[in-house]
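There is one chain below, alone, in structure tokens, taken in the form predicted on its own.
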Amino acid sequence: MMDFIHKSISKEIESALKQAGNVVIITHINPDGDAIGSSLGLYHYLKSAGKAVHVITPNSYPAFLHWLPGNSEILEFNQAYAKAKKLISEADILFHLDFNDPGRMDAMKDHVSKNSKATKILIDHHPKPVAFNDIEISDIRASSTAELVFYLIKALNGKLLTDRTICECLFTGIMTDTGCFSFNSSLPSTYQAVASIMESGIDKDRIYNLVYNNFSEARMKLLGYGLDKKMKVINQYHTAFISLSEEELKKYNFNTGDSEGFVNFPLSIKGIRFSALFLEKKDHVKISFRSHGNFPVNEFSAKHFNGGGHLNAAGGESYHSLDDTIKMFISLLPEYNNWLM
């Protein structure tokens, strides 16, 4: 089993928790299944340990995660600014989950850095963490932040991993961040964690259905439109992409999370090794990247599109127009031809 949590670190966190009354868990902007699942898993663990704990997200997150136990207790910083600001100021510990750069907190960044004297604890699995925490659990070998939270709880009090509520949240985080175990999931430790989680009695089929079979009719039509009318295949570079304008998204009543998984579909085409999804927002273009094999989309995204992530799954953004962003993307492909062959 992987040694994700060094004993000295778990002891340090245990000591900090013993002295803490108020704990706040913070996610990155546009939180995904791993951010929400790991945060709520840790939230329920800390509540069971008698802590006053709150989860704060910078903004909203997909509706297909709203079923998770504890969802109603989550505060969105941009909707409950005064209360969230007070909680952060009064916190004894701030857990930063699923991000390793303070900029990913968006509007919360300045408030946390200027007005919080809390012990700051990072739990994350992305590469190249920025030094802004007092205690760090940072390991790119882990499938997800939810897997790291599992091993932290195991180190602190493994008995609580029989709690079905905690395990539902952690399973959701692991499942979504591995694309149902199709990437970021090659180590036995991931499956050992999942096997232990399953022993709590969770219904994995129910969780899968709530996450992946819980979309709107409009979302399905948008997916069909994207694949039929907006997918472009560049066979020369084993690349395909889908682009959707702000007007097209509006036509299909787009809601946060509706494009979940769209970027994976082009990778199903024979010979395609690199896929991208471009979504035009009001003031920027949101981009998702996926790849097969050893093409490092996290490095590609970080270098050209202000982003990052994992070897085969990353995100980025552009502040050029949608058309100019796509032109730039296509112009970069020859530079990476050796990777994509």
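Values in this document were obtained by computation on a predicted structure and should not be read as measured data. Numbers for residues come from their place in the sequence shown, where the first is 1.
Keep in mind that the form predicted in complex with ligand 5GP is missing from the display, and what follows is about it.
Next item on the list: Sort through 310, 47, 54, 273 and report the residue having a heavy atom within 4.5 Å of ligand 5GP in the model of the complex.
Entry: Result of the distance check: 310.
Checklist line | Option touching ligand 5GP, based on a heavy atom within 4.5 Å in the model of the complex, out of 70, 296, 315, 62 | finding: For this set of options, the contacting one is 315.
Item checked: 4.5 Å heavy atom contact with ligand 5GP in the model of the complex for all of 27, 85 and 120 -> Negative, none of the three is within 4.5 Å.
Next item on the list: Examine residue 109 and determine whether its closest non-hydrogen atom to ligand 5GP in the model of the complex is within 4.5 angstroms.
Entry: Outside the cut-off, so no.
Margin query: Whether residue 230 contacts ligand 5GP in the model of the complex should be assessed with a 4.5 Å heavy atom distance threshold; does it?
Written below: Residue-level check for residue 230: no, no contact with ligand 5GP.
Checklist line | Residue contact check: residue 104 to ligand 5GP in the model of the complex, 4.5 Å heavy atom | finding: Because a heavy atom of residue 104 falls inside 4.5 Å of ligand 5GP in the model of the complex, the answer is yes.
Notebook entry, point to check: Does at least one non-hydrogen atom of residue 219 fall within 4.5 angstroms of ligand 5GP in the model of the complex?
Noted result: Contact check for residue 219: no, nothing within 4.5 Å of ligand 5GP in the model of the complex.
Item checked: Residues from 270-290 in contact with ligand 5GP (non-hydrogen atom within 4.5 Å) in the model of the complex -> If the 4.5 Å heavy-atom criterion is applied to ligand 5GP in the model of the complex, 270-290 yields 286, 288, 290.
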